[in-house]
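First comes one chain, alone, set out as C-alpha cells in the form predicted alone.
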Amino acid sequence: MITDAKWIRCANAADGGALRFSRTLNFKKPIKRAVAHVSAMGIYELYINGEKVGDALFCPGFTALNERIQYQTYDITALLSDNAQISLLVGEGWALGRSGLSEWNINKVYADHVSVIAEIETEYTDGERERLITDESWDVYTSEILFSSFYDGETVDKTKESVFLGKAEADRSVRSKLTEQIGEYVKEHERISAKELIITPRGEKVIDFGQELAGYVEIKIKGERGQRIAISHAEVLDKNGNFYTENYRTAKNKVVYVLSGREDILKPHFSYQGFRYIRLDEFPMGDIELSRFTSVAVYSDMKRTGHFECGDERINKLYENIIWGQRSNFVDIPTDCPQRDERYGWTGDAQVFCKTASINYDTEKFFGKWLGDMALEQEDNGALRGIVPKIGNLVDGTGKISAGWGDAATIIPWEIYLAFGSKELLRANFPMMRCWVDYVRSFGKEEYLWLDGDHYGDWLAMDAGDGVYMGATQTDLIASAYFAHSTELLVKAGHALGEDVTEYEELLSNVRDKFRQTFMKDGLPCVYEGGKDAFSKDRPVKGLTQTALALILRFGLTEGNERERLTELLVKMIRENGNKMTTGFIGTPHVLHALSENGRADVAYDLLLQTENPSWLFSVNHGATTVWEHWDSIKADGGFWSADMNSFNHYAYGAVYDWIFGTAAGIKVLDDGAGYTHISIKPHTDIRLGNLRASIQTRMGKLESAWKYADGGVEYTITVPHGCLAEVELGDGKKVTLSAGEYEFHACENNVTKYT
C-alpha cells in the first residue's frame, strides 16, 4: 500500500502532451522481492528500464475521482537490475482530458495538471525492508506523445527528443482517498485483421475491419524517418459508400504518427476509438498492405460466462452483436457508446442491460466498483445523477435526476446479487438503495407518487413521432411505476439480508394503490391531467402506450383479472402496429417479458423475429455488427436518423438477451436462489427457431438449457451444476425438480433419463 509517498507534479508542463516522471533505483543489497504501488491523477503506464510493466491500460481507471483514486500493485522483482530506471508515462485521461457533450466541451474536470504517486517496497535477501517513494528527487521529461485524448485521438512523434523539464515538485492539491484496485483491469483482447481496402466515391482510401469495436488500430510498418501516418475512424459508410464521421460530433478520433525510420509498431497509449473503418488521411507508402493493420478490441478483463446458439442465423448474429456491444462499452465503466464526445456511465443504459451483461460475463467486480462510485456520489438527500462518475458540476445530463436512471441504485445491486449470490455486495449497497427510495418518497407534495420530476422518459421510443427523443408515455406514470419497482426491490433485498423492511412493505402497498388511483381508470392506464407533462408542446402525451402496459404488467400494478385484459390490449396494439413495438429505452426491456409472463410468448417471438423497423433484426439485416442506439439509426433508404445523437454501438436494446435466456431457454434465478443455487427452467419453444442452446458458467459449474424440434416433438437437454436445484417445467406443464446432473426429455413426456 502507499503510505509515505508524495504526490508529485511538473511545474512547467504544457497541456496535451504526456510527461515522463523518472528516477534511478539504487539498491544497496541483493533483492528478494520488490513491488511497486502506483497511481496518478491522469492515466499512466509504468516502465522499468524502458519496458512497460504489465498489460493493463488506462490505469488507475475511472472512479469518482474527487472521492477516491485506485492504485495498482506490480511485482517488479524480475525486472530490476543494478541502477534500474523506473519511469511513469502520464497522460490526461478522464481526470483532465476533454469531456462532455459537444455543448459542454469542458477540460480539466478533476484537476488542472497531471500528478503521480508511487511507492516501491523492497525486501532484501537478509530480511531488511526499504521503501522508495515519489518525491522532489524525481526528474520530469517530455515524451514522444505530443497529444492524447479519449475523444480526439493521439499524436506520437517517434523522432521527438525527450527534453528535461526539471525536478518534480510536491503536489498538495490531490485530496482524494487512495484505494487499492477494485475493478477489473482494462486490457487488449480480440485482434481482427483488416478485411478490405475500399476506394470511396470521393477517392478516399478506407480500410474495413468487418467488425465494429472499441479499441485502436495497431500498425506495423517501416518508413523513412519523419514520414507521417494519419488515420481517422468511422463506424459506418454513408449510403453512397463514403466515409462518415458526422455522428462523432466534435470527437475527432484522429491518430497521427511520425515514423522513427526503424520498424515501428504503432498504437495509442492513452486513447481509444469506437470504429469499424479507418481512413488513411496521410500514408506516404505507395502500396497499402492490409496485413500491416490490425484492430485491437479493448475492454475490461471480465471472464466470459454465457454462450448461445439457435437455428436462426439472424438471431445468432443479433447475439454476437450484443456481445460486441457489451465489450465495446465495458471500458472500466459501463459507457453508453465508445465513439462520440460522450462515453459516459449513463445509469439508465446500465440498469436495463445489467442482467444480460451478467449472463454474458462475470461482472460482479466490474459493477461492484461502479456501484461504489454511485454510492459515493449519491447526494445527501438520496438523489442520484444520470451519469456515474459525474462530469464536473454540469447542469444537464449529469444534473438530471430521472426515473429509470436513478433506479439503477436499486436494480443493479439486486440483479448482481441474483447473478452471483454475494450478500456482502448487496449489503454494501443496501443503504444506497434505501436512500434512493427515500429520496423519491420525499420528492414533491405527494408521498406515494413521483410527480413533476424532470425525466428522460421512454427515451427514443417510436410513439411520439419521427425525430422526437422522448416517447409519448407520460413521464409521471413511468416515474411512479419505477417508484413501486424500486421499493419492491428494496424490500426483497431487505428480506435477503435479514433487515426490518416493514416500513417499506407498507410504502409499497401505498404506492401501488396511489398509482392505480392516479394513472388507471376502469382498469386501463390513463393520463394524469395534474402531471407536469400532461400537456406538452414537444410531443404527444399518452397514458395508454405499449410501454405503460408493459410496466404495469411487470411491476405488479394490476389487480384481480386485469392482467388478461391488459395483456390482450398490449397484443392488440402490437398487432395493429404491424407486429412491431413502439417502445424506447424504458419500455423495450420489459415488453417481451410482459407478454411471455402472461401467456403470450408467441407474440414475444413475433417481435423478436420481426425484420421491419422497429425491430432487432432490422439492424442485423442492415449489416450491423453491434447494437444501434436507435431502432432506425440507418433508415430503410440508407439515410441516417440524425447526426447529433446516432450511435451504432449502444448496448441498451441488447437487453433482449435476458428474455432469450430467461424465456426462450427458460433459465431464471429464483429470489431465494441467488447465485444460481435455486432456479427455474421453463423453456418456451418456437418452431421458427428450430433449436436453441443457452449456457452460463455459474460459480458452481456449467448450467445449460437446450431444445430442438425432432421426431414430431421437442427434445430437451438440461445440465444442472452441483449446488444448484432446478425447478423444471416443460411444454406439457408437468414439473420435476432436478439436482446436479445431465438430463434428457423428449416431447414433454414425463420420463426422465439421467446420463453422464
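In case it trips you up, residue 1 is the first one in the sequence shown, and so on. Worth saying up front: this structure is predicted, and the values here are computed from it rather than measured.
The protein also exists as the form predicted in complex with ligand BGC; that form is not presented, and the subsequent description refers to it.
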**Prompt:** Should residue 346 be classed as touching ligand BGC in the model of the complex when contacts are defined as heavy atoms within 4.5 Å?
**Reply:** yes
**Message:** Contact with ligand BGC in the model of the complex for residue 390, defined as at least one heavy atom pair within 4.5 Å: yes or no?
**Reply:** no
**Prompt:** Does ligand BGC get within 4.5 angstroms of any non-hydrogen atom of residue 192 in the model of the complex?
**Reply:** no
**Prompt:** Could you tell me if residue 571 has a non-hydrogen atom within 4.5 Å of ligand BGC in the model of the complex?
**Reply:** no
**Message:** Among the candidate stretches 560 to 568, 77 to 85, 259 to 267, 456 to 464, which one is within 4.5 Å of ligand BGC in the model of the complex when only heavy atoms are counted?
**Reply:** 456 to 464
**Asked** Which residue, 355, 279, 650, 369, has a heavy atom that falls within 4.5 Å of ligand BGC in the model of the complex?
**Response** 650
**Prompt:** Exactly one of 645, 146, 207, 383 has a non-hydrogen atom within 4.5 Å of ligand BGC in the model of the complex; which residue is it?
**Reply:** 645
**Item:** Full three-residue contact with ligand BGC in the model of the complex, heavy atom 4.5 Å, for 212, 320 and 616
**Value:** no
**ligand BGC in the model of the complex - contacting residues of 333 to 370, heavy atom within 4.5 Å** = 336, 340, 342, 346, 349
